[in-house]
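One chain is shown next in structure tokens, namely the form predicted on its own.
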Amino acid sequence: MKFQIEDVTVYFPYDHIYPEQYAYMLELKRSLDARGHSLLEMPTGTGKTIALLSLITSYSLSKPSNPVKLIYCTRTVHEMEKTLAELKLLYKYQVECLGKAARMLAIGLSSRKNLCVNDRVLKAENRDSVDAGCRKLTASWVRDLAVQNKNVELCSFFEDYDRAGDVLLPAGVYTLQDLRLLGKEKGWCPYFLARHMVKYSNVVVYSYQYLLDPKVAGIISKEMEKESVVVFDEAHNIDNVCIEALSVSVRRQTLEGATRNLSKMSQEIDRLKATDAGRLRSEYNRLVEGLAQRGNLPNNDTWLGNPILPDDILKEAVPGNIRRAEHFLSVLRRLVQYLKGRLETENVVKEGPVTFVGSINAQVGIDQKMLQFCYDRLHSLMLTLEITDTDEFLHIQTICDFATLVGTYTRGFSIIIEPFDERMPHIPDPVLQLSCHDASLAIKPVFERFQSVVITSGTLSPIDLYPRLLNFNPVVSRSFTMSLTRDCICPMVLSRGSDQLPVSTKFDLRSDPGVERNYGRLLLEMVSVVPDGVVCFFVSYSYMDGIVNSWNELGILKEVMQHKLVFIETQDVVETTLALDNYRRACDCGRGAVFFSVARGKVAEGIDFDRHYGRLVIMFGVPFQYTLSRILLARLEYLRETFQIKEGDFLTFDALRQAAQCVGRVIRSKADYGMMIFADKRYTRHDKRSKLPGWILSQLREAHLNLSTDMAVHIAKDFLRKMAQPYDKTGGGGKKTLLSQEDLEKMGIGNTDMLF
């Protein structure tokens, strides 16, 4: 369907649109017009992705003289593929309406591991090894050597791509699979082709890291135009992604690996001195001039960019005492030795970056300027030494990453040294962590550089906390509700078992046999009345292990298995994938299944349990973070002092967004239906419950707030009976929940409020 929003003709590839999609587009259009940033919370299963893509691509088509580029960031490759599939559908519709004028070029960009088509390189088991395998065949010095020696192996895909010159793809939407097929067909390298096409595309879909992690963003995203709209989809955890991008952990294994790396580099330098001293001399001269030449490296030689954000460091010259390769290695040896000494501690130590840098300077004579340039100096040296197996040098890269960050930032970081993990105090496992507390540091360049940044998700409540955490002022901040023809979501708060004993995962109650038994009885009662799939989320792996063991001893698991098969998420990705696959098969064949999962785990973040795969989700407890974690305590202190965010407020906000994310997995469209049980007495408190998203709260009735197991079973039976009745999808009788083109024309602009 085609319709107008103010001066923009929107091309929408479906015959009907939800009222909230239309309202969402209106708000999005306002923020694009204002050239500002926006925060939009839209319920899951209401077509958020297609609404975003339709509006922004149509907005770009309406401004042919100054089109905007869309940079769409997703968390996982699975989400990226889903977005590109929607985009394909949209492009097909735009071509039907506009013909060649549709002119969209959309590309998905991922790591070499997901795009490479060279079987020899793909044999490597992890991403770093695939990257290194690629460099061994494509680095400029390897290719120069191959000219003289025909036995040197190169990548035929990269060579053919390079010979093809400045390749331009025809208009269209290219998924990762499309790029791989095109690469095999033409004999071109899909990874370098995608990297090259990014600057010519109207729409780029890639991972958060490509914008938020400075090491990657410095290479991939440096050429993006200012007139771009950046969308962070499923961005409820964006503050954590920003913090992880600027945090580094150093263990004993890291330091031992770094020592081995330094010995190998030292041997290489001695070999170069004997065979090709001119190369070391020319590197020295280049460093005297400064690091501004970095941008001129060929694409296939670029390694990770600088882990810090300020641009001015690249315009300075490298300090004199680390310009010579052997001097730089001696500085790194002293730094590694110093860090080894710091790890020998028996007490927990917490320091600020300024104190830590002062201590390094006093003890081993390395000043802040030298630390600041470590990463770039290492990068330059590895290029000079022509090192291709970068995966073997990850340890020394980590040390230089740490040094550069600690030498650059004076605020928003802590150095925390722990001699052992508090949960296993008898096992010595010292770790030194440079922990970032300020999420706004990583995202600040994105807000400053691009004209509009859209942060959107199904769970952004309470929405007013995000501008404070990320330190920005949105021009639009709005939470949308769900328009329903029938109440297809049934949230319940269960505060006690059938024996009226309270249930909770509070620390003093969680291992109480009564609580474990009541949780077990709740699951047993529910699997006997709910058809198909049931998903259970626990607060942590250790809690899940403990309670499942107890249920096994009590014989509850055996009884559950008579109704449904049981599958469990583990920390092993392959095992979990297999468990999910079998869970789906059990639901498909009518046997029914229960899936045990963990809040904050992979399943809670990215797997949908739509239709019969999830008719009920039970959240056992409130998923608070481990509150004795030193890193969390340091972050809470920083948030209190800098942004005046109280500890309790942040912890509750963080726990409830995780709980909402878990239960939101159960409903992925309006034709779907499902129940949500929040099994913990703390959810009855208003300060906890009010932080859930509005679309869940609007369905949570007063009568469902303080239930026992038997009452919850009665409500579940009643709900399932109602859902079994046929219903009118378009919404007869008053409120319409599907709008056609005529409805939109009749309604006119500005009357969307009457639909909610």
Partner chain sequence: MSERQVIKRAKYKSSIKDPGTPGVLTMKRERFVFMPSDPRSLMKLNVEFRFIIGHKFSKEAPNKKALLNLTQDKGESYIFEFDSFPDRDACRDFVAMAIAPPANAGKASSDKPSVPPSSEQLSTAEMDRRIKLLQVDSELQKLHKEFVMGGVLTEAEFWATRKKSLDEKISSKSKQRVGLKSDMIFNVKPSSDGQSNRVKYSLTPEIIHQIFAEKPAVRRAYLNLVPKKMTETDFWMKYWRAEYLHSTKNIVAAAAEAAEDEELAVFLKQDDILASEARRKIRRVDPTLDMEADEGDDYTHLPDHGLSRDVSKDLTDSQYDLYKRSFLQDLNRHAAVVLEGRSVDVELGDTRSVAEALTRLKEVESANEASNTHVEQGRSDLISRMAELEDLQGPRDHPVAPLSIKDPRDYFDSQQANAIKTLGESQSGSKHKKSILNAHEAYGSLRKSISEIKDLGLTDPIIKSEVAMKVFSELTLRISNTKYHHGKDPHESILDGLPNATKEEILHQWTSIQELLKHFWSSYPITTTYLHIKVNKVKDAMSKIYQKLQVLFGPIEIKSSVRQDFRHPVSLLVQPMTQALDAAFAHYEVDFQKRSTKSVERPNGFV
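Note that the coordinates shown come from a computational prediction; the quantities given were computed from them, not determined experimentally. Positions refer to the first chain, counted from 1.
One more form of this protein exists, namely the form predicted in complex with its partner chain; it is left out here, but the text below deals with it.
Participant: Name the stretch, out of 97-105, 381-389, 324-332, 126-134, where some heavy atom lies within 4.5 Å of its partner chain in the predicted bound form.
Facilitator: Partner-contacting stretch among the options: 126-134.
Participant: Kindly indicate whether Ser58, Thr408 and Ile645 are, all three, within 4.5 angstroms of its partner chain in the predicted bound form, using heavy atoms.
Facilitator: Checked in the predicted bound form: no contact with its partner chain for any of the three.
Participant: Just to confirm, with a 4.5 Å cut-off on non-hydrogen atoms, which of Arg468, Lys113, Arg682, Arg143 contacts its partner chain in the predicted bound form?
Facilitator: Selected residue: Lys113.
Participant: If you check Arg517, Arg75, Arg478, Lys444 against its partner chain in the predicted bound form, which one has a heavy atom within 4.5 Å?
Facilitator: It is Arg75.
Participant: How about His236: is it within 4.5 Å of its partner chain in the predicted bound form, going by heavy atoms?
Facilitator: His236 lies outside the contact set for its partner chain.
Participant: Taking its partner chain as it sits in the predicted bound form, is Lys736 in contact with it (heavy atom to heavy atom, 4.5 Å or less)?
Facilitator: Looking in the predicted bound form, residue contacts with its partner chain do not include Lys736, since no heavy atom lies within 4.5 Å.
Participant: Any of the heavy atoms of Glu344 lying within 4.5 Å of its partner chain in the predicted bound form?
Facilitator: Glu344: no contact with its partner chain in the predicted bound form.
Participant: Considering non-hydrogen atoms and a 4.5 Å limit, does its partner chain approach Glu745 in the predicted bound form?
Facilitator: Glu745: no contact with its partner chain in the predicted bound form.
Participant: What residues, if any, in 428-455 have a non-hydrogen atom within 4.5 angstroms of its partner chain in the predicted bound form?
Facilitator: Going through 428-455 in order - heavy atoms within 4.5 Å of its partner chain in the predicted bound form - the hits are Asp429, Gln433, Ser435.
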